[in-house]
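Only one chain is included here, represented as structure tokens and corresponding to the form predicted alone.
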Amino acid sequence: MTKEPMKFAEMLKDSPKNWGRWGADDELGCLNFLTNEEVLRGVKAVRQGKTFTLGIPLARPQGDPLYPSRSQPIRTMVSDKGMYMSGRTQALPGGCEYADDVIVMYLQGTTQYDALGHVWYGDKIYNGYDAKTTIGGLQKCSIEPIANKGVIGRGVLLDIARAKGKKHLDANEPIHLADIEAAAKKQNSPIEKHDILLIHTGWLKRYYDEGLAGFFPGGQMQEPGLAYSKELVQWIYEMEIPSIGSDTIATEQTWHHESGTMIPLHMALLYHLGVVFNEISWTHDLAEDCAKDGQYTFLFVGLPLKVVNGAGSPVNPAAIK
């Protein structure tokens, strides 16, 4: 950064807010838009029965794509054939042997959802709850209400990379509202109110094709993503978008260079509006198929784990065409 960062309280003072829109006890935010009717609208998008799972492989020996400050998942076997061969344990009555393992990981260390209490500024989290309710675990706006509800409705893939004629977007390349609208028009898939947006940049595939050198050019987090603007925030507010996901770690550009801030869209969308973020989703196969058959809409099903007091959760979402 080349200048003193703005304060979000000043930067977002006129940004729309959904606090109190669904009552003082709300912990679902824009998922309230996903009514029974919206689920049925998603079901109507199913035409072929094709299913695409969007979770990435977890705990690979060679590593997974993560935010740099988060350590890799560690999976350890606690029971396997070697335990029986060595005599350290005995088969169960009848001769049954089994394998068992344990994993230690960041809850946001793979394809995941953010809880609405995941980020904030000042002394309040989403819907005006005291930020001290996050101490020792999120007593309010944890991932559990989202998991109980599920993120289910009509999804739309926005293949921004293909719309721009690229294999993947460039480092730090912004995605503006005009890019979203241009991609939707090129795909002939108009975005409707309450659609779940899934953005394909091609960036995640770089990790598997090129390793860390491609994913973190120069050792820095320079992924492309949604670019903060008042225009984009207002559009998402008016379209009543419940959830946004992508094939990047943050979904948005991590750094907003004009203001010198980090993740301003998380503040404007998740914190102010209650838009649920789904990140590190594998969109490549879905994007390839959509390009072949021209169907960019689908039933989206995102079911995070019901982690009590959790700030986020792993998930393996499904897009069903």
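Only a predicted model underlies this, so the values are computations on that prediction, with no experimental measurement involved. A residue's number is simply how far along the shown sequence it sits, counting from 1.
Form predicted in complex with acetylphosphate: not shown, discussed below.
Does each of 162, 199 and 283 have at least one heavy atom within 4.5 Å of acetylphosphate in the model of the complex?
The answer is no: none of the three residues contacts the partner (heavy atom, 4.5 Å cut-off).
I'd like to know if residue 279 sits close to acetylphosphate in the model of the complex, meaning any non-hydrogen atom pair within 4.5 angstroms.
Because a heavy atom of residue 279 falls inside 4.5 Å of acetylphosphate in the model of the complex, the answer is yes.
Indicate whether residue 249 is a 4.5 Å heavy atom neighbour of acetylphosphate in the model of the complex.
Result yes; residue 249 sits at the interface with acetylphosphate in the model of the complex.
Counting only non-hydrogen atoms and a 4.5 angstroms cut-off, does residue 118 reach acetylphosphate in the model of the complex?
Residue 118: contacts acetylphosphate in the model of the complex.
Taking heavy atoms only, is residue 30 within 4.5 angstroms of acetylphosphate in the model of the complex?
Close contact is absent here: in the model of the complex, residue 30 is far from acetylphosphate, nothing within 4.5 Å, heavy atoms only.
Choose from 22 to 30, 62 to 70, 42 to 50, 289 to 297 the stretch whose residues reach within 4.5 Å of acetylphosphate in the model of the complex, heavy atoms counted.
Among the candidates, contact is made by 62 to 70.
Can you pick the one in 263, 268, 54, 34 that has a heavy atom within 4.5 Å of acetylphosphate in the model of the complex?
The residue in contact is 263.
Does any residue in 95 to 124 get within 4.5 Å of acetylphosphate in the model of the complex, counting heavy atoms only, and if so which ones?
108, 112, 114, 118, in sequence order.
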